[in-house]
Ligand code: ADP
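First comes one chain, alone, set out as structure tokens in the form predicted alone.
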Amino acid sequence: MARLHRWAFPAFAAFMLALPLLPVPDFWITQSNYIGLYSLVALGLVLLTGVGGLTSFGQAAFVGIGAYTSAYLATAHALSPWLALFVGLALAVAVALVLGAITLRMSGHYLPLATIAWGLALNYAMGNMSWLGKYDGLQGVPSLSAFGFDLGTGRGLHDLIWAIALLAALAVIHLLDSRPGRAIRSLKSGSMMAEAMGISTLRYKLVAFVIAAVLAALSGWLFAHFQRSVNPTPFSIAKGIEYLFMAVLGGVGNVWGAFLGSAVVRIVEDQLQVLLPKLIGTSGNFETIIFGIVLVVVLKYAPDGLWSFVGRFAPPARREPDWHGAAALPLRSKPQRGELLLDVQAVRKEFGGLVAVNDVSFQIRAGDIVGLIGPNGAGKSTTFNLVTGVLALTRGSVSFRGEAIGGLPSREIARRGVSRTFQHVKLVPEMTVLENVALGGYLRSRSGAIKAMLRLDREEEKCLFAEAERQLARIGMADKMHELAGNLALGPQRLVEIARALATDPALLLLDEPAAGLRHKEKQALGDVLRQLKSEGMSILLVEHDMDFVMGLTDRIVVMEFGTRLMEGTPAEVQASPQVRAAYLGTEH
């Protein structure tokens, strides 16, 4: 099966590029041209919506930018279409950066609504500018030529369209299997985990948005010279919805779903336009009704799209462990044992009139394991989030290795050597255990999106996976590295989170209720891992409400109650304290 998977792309590419040479009707070639053009736009939506979790209804507007730019420059200024391509792509990038910087900060239903708004605005702008021909558009767009040969609008253009579409698919596949690709894949799980690993989520939202805009503009450039004319209709919000429909129908989370969805929509739509008037006895856009019903059925019974049925016969190839012997990733300087590492002074957090954390202070020295315990609602996790930058301080200060970090964003605190896990596990379930842990090495690597698409990042990738395997071996989970993270039980998932945090090469490791929800044996396994880390000199802040779990691990314990520090001492002193017994049991006896 792996061998079949390896040859699937070359075989498909060879067939599509050879199609114009076969004795097939010109109509087939025209249909194939449209499928290739649509696939480019849907491919961008796979990256943006399916992988990044950012729903956009406005991609047709970027198609229009590419089409109108080339058509206008070719007809009004006789500029070479190949030069016009670069102008169109540059304009699409500029518009995407401006729109993305404004709209990608939104979340929930506001983002899709914003994409509808700017999609409508750009479409109406195209239709109301006299120099763009208003709603009549621009006519007489020249066909493309290459090496002195006119490619025309049929068989000659087919291979160019499909060569670009296939190269784009390969580039996106390479991107997703890389450092920036894993960062984009982490966006769907929310920003908190990604930021804690040092990833700027806004930056990678913009990266995905710009790449999707470039692919759409590229499709528009080809479309203008294929149609030999442009007008605003193919770039309307209705077409934007249709592009999203193609991606969702085919499988919005898979690169090849873009091609499948585009092919199904184009072929079925064309056939329905012929068959439905004969069946109903009247003409109209009845195919839209059929597609609406089909989409509801697909979302109900195949939420991963039609590609999920194809994927059963072509499972993803298993990653070959080619990283053995790779160079080690850069290491950060570590503090000397006993050095003051974390200094929390009188931190306070207010939510309106509620004081969740009230002037709490404590310190951690290098090599120590400090427990932060207390009953439910004591303010442990809130204090933890103040230290790690998830929440802003109302007042007080937090210093790490002598540098004030209170008020810094999570990714900047991570950059300084603080790594964490989460009370509710935050892994990327669609990624393997190995890929999730490699995400922790983000700050120790440098490759960007363009380098990844061109496959120039392979040596660094080997270093990242070698580090990920080393950390998994460190916690006893190297045998699970090829499993999907979402298939693991809660206990192993918590261990994977610890391995991911260790891959950042932290000076301080913060664990937020790592034993929560674990069975007795899973707690024992977790305790063994933490004792091993303690023996290696790791400094740890452990937030936990299970006192039995904490007592055998920590050097000192800070006890909280109702947002205040109740006491601080050794495990023996805490166990003997009447105040602690009263806090947990409601009585001193």
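The structure displayed is predicted, hence computed values, not measured ones. Residue numbers here begin at 1 and follow the sequence given.
One more form of this protein, predicted together with the ligand, exists but is not displayed; see below.
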Quiz item: Do F309 and the ligand come within 4.5 Å of each other in the predicted complex, heavy atoms counted?
Solution: no
Quiz item: Any of the heavy atoms of T432 lying within 4.5 Å of the ligand in the predicted complex?
Solution: no
Quiz item: Looking at the partner-bound form in the predicted complex, is P303 within 4.5 Å of the ligand by any heavy atom?
Solution: no
Exercise. Look up in the predicted complex whether A356 has a non-hydrogen atom within 4.5 angstroms of the ligand, and give yes or no.
Key: yes
Practice problem: Using heavy atoms only and a 4.5 Å cut-off, determine which of N376, S333, Q336, S130 is in contact with the ligand in the predicted complex. | Solution: N376
Exercise. Note which of T153, N231, Q363, S381 lies within 4.5 Å of the ligand in the predicted complex, where distance is taken over heavy atoms; exactly one does.
Key: S381
Practice problem: Could you tell me which of 368-376, 206-214, 458-466, 253-261 sits within 4.5 Å of the ligand in the predicted complex, going by non-hydrogen atoms? | Solution: 368-376
